[in-house]
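Encoded as structure tokens, the following chain is the form predicted on its own, with no partner shown.
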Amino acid sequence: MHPTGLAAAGSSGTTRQRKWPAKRRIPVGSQPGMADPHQLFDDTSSAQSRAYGTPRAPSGLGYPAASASPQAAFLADPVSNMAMAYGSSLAAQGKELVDKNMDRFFSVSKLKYYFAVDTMYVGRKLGLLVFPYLHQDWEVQYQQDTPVAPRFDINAPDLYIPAMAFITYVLVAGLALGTQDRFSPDLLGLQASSALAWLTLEVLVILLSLYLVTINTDLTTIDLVAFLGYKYVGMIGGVLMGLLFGKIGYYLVLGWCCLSIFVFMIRTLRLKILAEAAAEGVPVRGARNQLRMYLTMAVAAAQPLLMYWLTFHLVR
């Protein structure tokens, strides 16, 4: 071959060697970007550490430690603490305002007093509701200007007997409807809602009458619910006797219970509505006292009418 051609070939080979240098073997793990060929997943912990500039605390399972919660960051802010304190004080003031307004119409804090009963009290009170004619002392006992709990005073009103009597009346009404093949959940619900609606209407009418007549009395709304709820006891007895002995038993027992509840309401409410006249022992005179007496008679007379109205269709 010509010497010039050899020189050209040698120079081109030298140039090719300079342009494409020989590759070197780099140990595994010496370069950060290279991964282990036997590793299934890429290790990105070092990249994240370099990205954020903060080291990660090791955890028990090999996972990165959790960062601080946003709730903790929010609570650490003094403005947030001030807002929470203001919201708490505002909620406390709202609760106090609601409780004060509720106590004007329905004292929730005194409910425990009306359920402070025992077995002996319930038996004696049921006997008083059925046979009030022989009872002499109808005044409520007080201890340091506070009425005694019902379990210590048979004349004290309670909510246990009215509540249990209302539930029992609904169950007995369902039994009576079932024996006549007229039972249905809708009809039973209508029976319960009707009795509850009449009780609510009675309470509202009496409160309005007391306000119009301007009577100063310690008779509260809960007292009215208790006294008006005692009529369910006689209603239960009348319906049960009607189921056992027909209409004759129904009218006999219901008539006795109606007369008993009338006497009970007269002797109980006259000490509440006519408190001044009863305390002084003078006869009821004057236009205002006559209105009070008429109101007492009207409330007592409405109980037998409602007892018959709510039960006559249950006995056939």
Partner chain sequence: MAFTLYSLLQAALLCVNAIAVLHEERFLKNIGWGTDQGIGGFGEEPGIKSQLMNLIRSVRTVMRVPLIIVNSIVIVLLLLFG
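Residue numbers count along the first chain shown, from 1. In this text, all values refer to a predicted model and were calculated from it rather than measured experimentally.
Although not depicted, the form predicted together with the partner chain is the subject of the following passage.
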Partner-proximal stretch of 125-133, 242-250, 192-200, 147-155 relative to the partner chain in the predicted complex, 4.5 angstroms, heavy atom | 192-200
Close approach of residue 208 to the partner chain in the predicted complex, 4.5 Å, heavy atom = yes
Answer with yes or no whether residue 212 is in contact with the partner chain in the predicted complex, where contact means some heavy atom within 4.5 Å.
-> yes
State yes or no: in the predicted complex, is some non-hydrogen atom of residue 313 no more than 4.5 angstroms from a non-hydrogen atom of the partner chain?
-> yes
